[in-house]
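In structure tokens, the next block holds one chain alone, the form predicted alone.
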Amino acid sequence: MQNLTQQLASCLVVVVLLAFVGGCESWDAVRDGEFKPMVTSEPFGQTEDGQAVELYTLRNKHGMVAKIMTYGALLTELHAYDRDGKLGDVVLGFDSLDGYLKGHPYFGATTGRVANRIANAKFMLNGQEFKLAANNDPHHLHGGDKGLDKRVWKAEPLMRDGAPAVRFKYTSPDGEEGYPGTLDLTVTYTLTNENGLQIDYLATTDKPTPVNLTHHSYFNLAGAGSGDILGHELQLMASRYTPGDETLVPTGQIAPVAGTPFDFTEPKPIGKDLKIVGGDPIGYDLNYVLNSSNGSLSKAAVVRDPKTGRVLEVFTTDIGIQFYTGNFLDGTNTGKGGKVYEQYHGFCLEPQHFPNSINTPKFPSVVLEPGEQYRKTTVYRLTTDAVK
């Protein structure tokens, strides 16, 4: 009887361990701390007009997890390890679709057709004026009243080089939000086995149209809802920036960061120079010109949280990156687990072409022509400062 009891107890331990790691891993996987890479999906509610929304969960072989939904091709959760081996969700958002439908400051969103601001909500292209929604009065912001972040995309799960991925597709019709041309879009998220969330963008058009896509997660490496990010240490691979006016639209100039509070060429706490940055509200919200701009995948930023040891590295093929410190967060958004998101509770690093490029001839063009392909890759890689 005692032997039988011991055998049952041993079986129970194995069952519990298997359940803990998802119910389908082998004993070797549990022992070695590895997981079976997988993609799963589940219903995540409906939009106000009755469109079904699906939530896709990606898990890589190390157990890191990302969740992305078909509404807005939007990242809702990203779980990464701290220096003690504990998983934690490091992006701001909501527990249910309802929070996103009520309105939010682009948590985790795929933004476009044109990310950031277009001055005075209009532009000229081939002699024709196009008027857009002034949803950031008097300017146009992140694609308009109902940009790509508020559309339901089609999704296809897949594996890429042994890593889980999901491919989102959406066709933006000619004239949507005032933009010319039918734009066919593909955004693919891959949770790599190097613990990077890789985002690949592809777009084609049948008429000339501006395109500038980016990702808009609010990161907090100590965990979503855990307080402000002012103690996080940031380094940007950018020695120049595009100064903005009081409405955050670039003046058209490109200036050195040296000798300004915008200088992050060496690591420093985000909050170190915050009070002298200015703005209303005070904080960082500007575009940096990346040192590497040859189209290759290059490191753009590194952020470290001294408390948890989590380190975020940002790589991109793009030429600029918007750094934003959540200045407009004001406690009106209650997020995951009932946590209230206050000012500076998250930061954004948004690889992009320069804001208002369509109205600034000296900036690199964002116009996509028929027969061309818009291609771009961004990787958010999460590691720790733990000694290996």
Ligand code: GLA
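Quick note: we count residues from 1 along the sequence shown, nothing fancier. Just so it is clear, the model here is predicted, and its values are computed rather than measured.
Only in words, not in the display: the form predicted in complex with alpha-D-galactopyranose (GLA), which the text now covers.
Asker: Any idea which of 104-112, 167-175, 267-275, 197-205 reaches within 4.5 Å of alpha-D-galactopyranose (GLA) in the predicted complex, heavy atoms considered?
Answerer: Going by heavy atoms within 4.5 Å, the stretch is 104-112.
Asker: I'd like to know whether residue 151 contacts alpha-D-galactopyranose (GLA) in the predicted complex, with contact meaning heavy atoms within 4.5 angstroms.
Answerer: Contact check for residue 151: no, nothing within 4.5 Å of alpha-D-galactopyranose (GLA) in the predicted complex.
Asker: Considering only heavy atoms, tell me if residue 285 and alpha-D-galactopyranose (GLA) come within 4.5 Å of each other in the predicted complex.
Answerer: The answer is yes: residue 285 has a heavy atom within 4.5 Å of alpha-D-galactopyranose (GLA).
Asker: With a cut-off of 4.5 Å between heavy atoms, is residue 241 one of the residues that contacts alpha-D-galactopyranose (GLA) in the predicted complex?
Answerer: No - in the predicted complex, heavy atoms of residue 241 and alpha-D-galactopyranose (GLA) never come within 4.5 Å of each other.
Asker: Does the 4.5 Å heavy atom contact test between residue 35 and alpha-D-galactopyranose (GLA) in the predicted complex come out positive?
Answerer: The answer is no: residue 35 has no heavy atom within 4.5 Å of alpha-D-galactopyranose (GLA).
Asker: Looking at 359, 333, 57, 322, which has any heavy atom no more than 4.5 Å from alpha-D-galactopyranose (GLA) in the predicted complex?
Answerer: Result of the distance check: 322.
Asker: Of 216, 139, 79, 232, which one comes within 4.5 Å of alpha-D-galactopyranose (GLA) in the predicted complex, counting heavy atoms only?
Answerer: None of the others qualify; the residue that does is 216.
Asker: Using a 4.5 Å cut-off on heavy atoms, which residues of 325-351 contact alpha-D-galactopyranose (GLA) in the predicted complex?
Answerer: In sequence order, 328, 350 come within 4.5 Å of the partner.
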